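This document starts with one chain, in the form predicted alone, laid out as structure tokens.
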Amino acid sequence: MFLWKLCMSDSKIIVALDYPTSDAALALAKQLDPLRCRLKIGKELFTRSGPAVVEALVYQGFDIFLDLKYHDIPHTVAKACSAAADLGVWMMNVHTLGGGAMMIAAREAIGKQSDRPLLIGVTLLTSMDQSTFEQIGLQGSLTDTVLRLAKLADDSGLDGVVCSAQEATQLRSQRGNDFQLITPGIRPANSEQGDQHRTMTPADAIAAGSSYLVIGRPITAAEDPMAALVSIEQSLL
């Protein structure tokens, strides 16, 4: 049995630990309740601190979303996903732009057990606007591309996608209630937008169909992170 199954929260809030060191991340985690939130570990923290920080937070009872966005040849991505599953993470992700063969290989690598990690596909980053979309040679609209990539992820056996909350309503309608929608770019009312272009408040994102909300600075930069988390929880009632 994967360790994550033993400590699973039912919270819809994923706190982004966008820190440069494990000490800073662990210090923030000590101020939070593992039954009230889940945690996201991204590229900077994992590159500097490695698997040890994941294992430490899993040991403390947190469900971990390992946000490394794997994108490589199918064999390499499959091996990486298998290694991530061994760390006891609750969820991991791959880039849908890697194609169907890559996603299928990743899905097969983590097995079919009921206690396996969730495997999520990244569609388009929430920092991407139409200008950037066209600059890299993509055609059409942001929304149409997200919908197409989400279908590919679903057809490849993934559990859901990372997407903007602004696409959640259409995705929920097209992909059904069991398809997980993970939405970054969540900003409580009156908070700074930062480097996100396609944002939405927590309550609006849940109403639009989001399954889980990735929230960073509105919680991690707060004077009292747990109080900020509770305030966001209350806005969802």
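Small disclaimer: the values here were computed from a predicted structure and weren't measured. Numbers for residues come from their place in the sequence shown, where the first is 1.
Omitted from view is the form predicted together with a small molecule, to which the following refers.
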Sort through 170-178, 48-56, 207-215, 29-37 and report the only stretch with a non-hydrogen atom within 4.5 Å of the small molecule in the predicted bound form. 207-215
From T145, Q166, T126, S156: within 4.5 Å of the small molecule in the predicted bound form by heavy atoms is T126
The single option of A16, I13, A25, A228 touching the small molecule in the predicted bound form, heavy atom within 4.5 Å: A16
